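The data below hold one chain only, encoded as structure tokens and taken in the form predicted on its own.
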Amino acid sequence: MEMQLPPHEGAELSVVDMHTGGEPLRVILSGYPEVKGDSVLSKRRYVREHLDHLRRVLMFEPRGHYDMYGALIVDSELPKADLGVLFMHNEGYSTMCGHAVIALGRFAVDYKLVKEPQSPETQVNIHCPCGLVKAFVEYCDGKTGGVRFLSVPAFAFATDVTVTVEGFGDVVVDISYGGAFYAFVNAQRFGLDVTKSRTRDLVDAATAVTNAVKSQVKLHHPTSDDLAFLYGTILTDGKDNYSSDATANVCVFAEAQVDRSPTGSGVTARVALQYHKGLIQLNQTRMFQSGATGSQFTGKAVEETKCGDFKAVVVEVAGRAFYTGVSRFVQEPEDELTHGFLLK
């Protein structure tokens, strides 16, 4: 029996659901009106100012949940780009998302957003708000597999910064950029273990750090003021020296949202930080593990570059994404909760 939508009024929203390392990605296929703007960054501003109600519909309950993540495909102004993308979550719109890039690389090949897939890898150029990201999708006998991507220039913004954190006193953090800015701190500073402690305790500590850095440290990015904000805090196991063993972390971003994956842009920023400190060398591959699910990405610095006055690196991150289903959502006008809600 073919499933049919119930009688409804208004627009239908169609999505493909995926996950990368346990972190969800809801790829929006249809139902959005035209997203205006002459650049991906201006489109990001437009959806924030004019279409934010649709983010709430798709990310919030009852169709989503507190930790849902989404991607809206848009046109790019860059001739080299195969697609542009806007990232969304419980608070708003990110500038970069590595787990989403891994999923979108596979999605773009499977849904024929690139012209001719190539074996053993198909390149997909994805224009994120932070810049052009090149993804490489394993492709063999018509099937897609793992994905690796090359980041925008990533750099350590500041190291050994002391901030006063409510409930914890003075805490020393590092701040690094991997398409988005993150604060990094060893979870042991709070008496926590990223793989064993309660998620709520990790969230509380990371959120307190994020609030402190936002209020006490002024960020800037060499190319755009739209990129100069702290996305979240990543608590680590402190194992930053190069090793063949995996190093674990938990990323808490946006409005206390917990990443189930090792965090692609977070791995990018963490590799840049480790390289800056001389703890890893070019092309030394490290394994990064999610403290939440145990899923893993690999990351390595592959090239030195510059971002304004910052010494930067291009980072390669690799992982796998999987499909979980497709959905067609409707809104009934009598439904008082149709616009979405969150339980905090």
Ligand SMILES: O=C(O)[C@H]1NCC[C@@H]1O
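In this text, residue numbers run from 1 along the sequence as written. What you see is a predicted model; the values in this text were computed from it and never measured.
Beyond the structure shown, there is the form predicted together with the ligand, which is absent from this document and is the topic of what follows.
- The chain is drawn here without the ligand; in the predicted bound form, the stretch among 129 to 137, 212 to 220, 252 to 260, 237 to 245 whose residues come within 4.5 Å of it by any heavy atom is 252 to 260.
- Interface residue remark: residue 96 is counted as part of the site for the ligand in the predicted bound form, having a heavy atom within 4.5 Å.
- Residue 182 belongs to the set of residues with a heavy atom inside 4.5 Å of the ligand in the predicted bound form.
- Using a 4.5 angstroms threshold between heavy atoms, residue 105 stays clear of the ligand in the predicted bound form.
- At the 4.5 Å threshold, heavy atoms of residue 288 stay clear of the ligand in the predicted bound form, well away from it.
- Taking the ligand as positioned in the predicted bound form, the only residue of 60 to 84 that brings a heavy atom within 4.5 Å of it is 69.
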